[in-house]
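Only one chain is given next, in structure tokens, and it is the form predicted on its own.
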Amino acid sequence: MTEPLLLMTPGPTRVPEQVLRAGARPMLHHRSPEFSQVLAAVMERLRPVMGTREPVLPVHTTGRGAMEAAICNLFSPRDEVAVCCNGKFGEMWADLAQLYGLVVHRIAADWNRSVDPLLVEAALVENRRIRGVLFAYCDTANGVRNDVAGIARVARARGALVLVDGVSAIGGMPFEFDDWDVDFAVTASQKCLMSGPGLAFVAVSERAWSAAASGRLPRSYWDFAEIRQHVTRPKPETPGTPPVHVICQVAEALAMIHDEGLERGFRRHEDMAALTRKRAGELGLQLQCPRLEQFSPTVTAIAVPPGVQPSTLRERLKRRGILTAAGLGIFAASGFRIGHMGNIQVADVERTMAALEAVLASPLSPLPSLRSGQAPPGEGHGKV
């Protein structure tokens, strides 16, 4: 039996053994007192991770689904929003808003730069009808880290709602929903929360609840108010049947996160990102977007050398037991991505960069395909 691949991707990420075991327990009925206890523990443990005193709502969907749900809940047809499009997931949020009939102003669209809060302020000054500002905290396409507090400050000064995609960030980066005056934020189970995919969590401000009360877009499965009504009962439950075992996994993962300590976990993520960038530079590699003002501590996007196919480089790494991620969007043909979030440790980054050094030192012509489980000479799984 071959050793499992080391998942150095920006999600799904490696799931710790004890989290896997938590998801392998006998089925809990979603209306039982035992499940309510697990759900209550998840919501309570998520509050400090998201930096809020508000209830954290589970949404039975992916992070992308919860982003769509935010549009359904908080806006009406022809409402105007500004979307920061400096990455694939900002672009995706803009497309979703447009699909629901919102008027979308795409701003800060340079994938090579972090969002400048002054650009957001200029858009809001120019168009006072903008009701919301939507952006990603971290976009995994380019490894950008956007200034949530700075963007929120200028948006709130102009009366706009602040919506943050924290799917690839929350849990691995500091997030202060209340103190930064954010109105909506989302994360998901399969990233920094180091659990299986299929579950999102959202925080919603009182301003956003007021907006939801007057919003006129249709919503049923996406109805945040119905979710809040159920999860805030003395015996918390969900409106429908949730992914029970994913919730069990997240409960265990959050216990691990708090055992490590939030600040210590944030430093670990920063250390892993710094090491990845340092070692990439030592290997003569360029970051995909070296002019970013701030880099994410959860993922690093790297440009491949001239003449090298990203797919070939990634396949060579895979044959050494390490799975990295393809470039996204405009960077698909020129780069690859290394995720270092959740359960990933500094030693995993060191192993990955040592394998990358070995791959770059060898001829990078495309390899013939191999049967499952077969490795070429000198490239066994888990060896560098």
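Numbering starts at 1 and follows the sequence shown. Predicted, not measured: the structure shown is a model, and the values here were computed from it.
Separately, the form predicted in complex with a small molecule exists; it is not shown, and the next lines address it.
Three-residue candidate spot Met67, Cys138 and Lys191; every residue lies within 4.5 angstroms of the small molecule in the predicted bound form by at least one non-hydrogen atom. The partner is absent here, but in the predicted bound form a heavy atom of Val167, alone among Val250, Val133, Val167, Val182, sits within 4.5 Å of the small molecule. Of the candidates Gly339, Gly63, Pro58, Gly335, Gly63 is the one whose heavy atoms come within 4.5 Å of the small molecule in the predicted bound form; the others do not.
Stretch-level contact check against the small molecule in the predicted bound form with heavy atoms at 4.5 Å: of 284-292, 79-87, 225-233, 167-175, the positive one is 167-175.
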